[in-house]
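In the form predicted on its own, a lone chain appears below as structure tokens.
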């Protein structure tokens, strides 16, 4: 991206000045080096988002931002319904509520190593993964409606996990406002056999350990110490979420025309939050969020069963579960007034600061855990939300490293078998259902996650707590 079109606010914050039909400026949080790596489309897309009605403060991009559908991936926009604010499909994406769940095991990496080979083999065998993968749950249409209303709460009631898990899931495991009747039959049918499945693409199940502690006090609050083993699951609402996006993009485009909303990109199809179309779409998104929360809860149950069989001395318990493709109604202070805003986070993780009621009571003194997935060959991070982040970015942070090359490019450059061999030489076991999928997700296809997270930390959006290194990864 060319820097001459931007105003430098400080070393980690850059502004696209308000001009033309922009209602607010654009803001990009990044180092100069990360900014120069970004596609020019990021600037264009953030400028387009800034033109949407009811947007507050700024249209925002994170350090991992890259070109996406409507919004850049790594984009944030908060809209006030009292100012004709909109809900925008491009600000949520097709993989509704894709997110990360991290669980503690109560074990150290030294204790686990003798059993890691058998453990990863069982995880690969017993957690369904891959394109079109189907789980053991075969639901009826009524059963899917129950999932869409109940989320992780439904899963726990069916015996997949424990009541105490719900305290450590956003929205306590169930998003309010979901209306399954506003989700198409086709979307539901696509999900009948997919609850409890990992899927493909950048989704994964990873065994990791804490390699570095940056904030001892926060790490203690989160129950982590150097050498601790955790398991992280990255997946979303599968085919159902994608179909919701496909179903509503046309309806929202018609709504934008109906209400006279000027959109500079068809992919920013939207409707006023308080319109019938906007309310229907939000209720469908809430249902998609519940689908994703139920999906991760069932997968967690499968992971616990594997640990019980292979490593019975482990105690697999929830650390946190947070999504990064959502629209959430949240209270934020804007111009000295507390407002209810609909915060769109597209490839951006919620990162609420200390004291917020949405944060589990146990973590409230330090802020919400922010789970940032890296690549299977590098590392991931756990950060904590900050008060500065609430002011600067509505309590938002990056969601990962961000792609440096497209999936198509990656498959031209890398070979899946070779990637797996190279990672094995580094002590990282990868079990995958597709060599092409491994090539697409090769570590070299992504930006440097450490540089991205360092920029988030330096910009005070969220502070580093621990670094996680992978020892085993299951891919679709």
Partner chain sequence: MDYETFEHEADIGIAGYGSTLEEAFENAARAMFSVMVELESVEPKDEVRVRVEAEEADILLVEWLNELLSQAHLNEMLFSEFDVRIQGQEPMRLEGTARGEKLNPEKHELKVEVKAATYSMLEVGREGERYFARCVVDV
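The structure presented is a predicted model; accordingly, all values stated were derived computationally and were not measured. Residue numbers count along the first chain shown, from 1.
From this point on, the text means the form predicted in complex with its partner chain, which you will not see here.
Taking any heavy atom pair closer than or equal to 4.5 Å as contact, tell me whether residue 421 reaches its partner chain in the predicted complex.
Close contact is absent here: in the predicted complex, residue 421 is far from its partner chain, nothing within 4.5 Å, heavy atoms only.
Residue 31: heavy atom within 4.5 Å of its partner chain in the predicted complex?
Judged by the heavy-atom cut-off of 4.5 Å, residue 31 is well away from its partner chain in the predicted complex.
How about residue 66 - does it come within 4.5 Å of its partner chain in the predicted complex, if we only consider non-hydrogen atoms?
Although its partner chain is absent here, residue 66 would touch it in the predicted complex, with heavy atoms inside 4.5 Å.
Check residue 106 for me: does it contact its partner chain in the predicted complex (non-hydrogen atoms, 4.5 angstroms)?
Residue 106: no, not in contact with its partner chain in the predicted complex.
Report the residue, out of 310, 249, 219, 139, that has at least one non-hydrogen atom within 4.5 angstroms of its partner chain in the predicted complex.
None of the other options qualify; the answer is 249.
With its partner chain left out of view, choose which of 199, 196, 173, 180 has a non-hydrogen atom within 4.5 angstroms of it in the predicted complex.
By the 4.5 Å heavy-atom cutoff, the listed residue in contact is 199.
Tell me whether 13, 84 and 328, taken together, all sit within 4.5 Å of its partner chain in the predicted complex, counting heavy atoms only.
No, the whole trio is out of contact, none within 4.5 Å by any heavy atom.
Could you tell me which stretch in 139-147, 162-170, 332-340, 262-270 has residues with non-hydrogen atoms within 4.5 Å of its partner chain in the predicted complex?
It is the stretch 262-270.
Just give me the residues of 221-255, first to last, that have a heavy atom within 4.5 Å of its partner chain in the predicted complex.
Sequence-ordered list: 238, 239, 242, 243, 246, 249, 250, 253.
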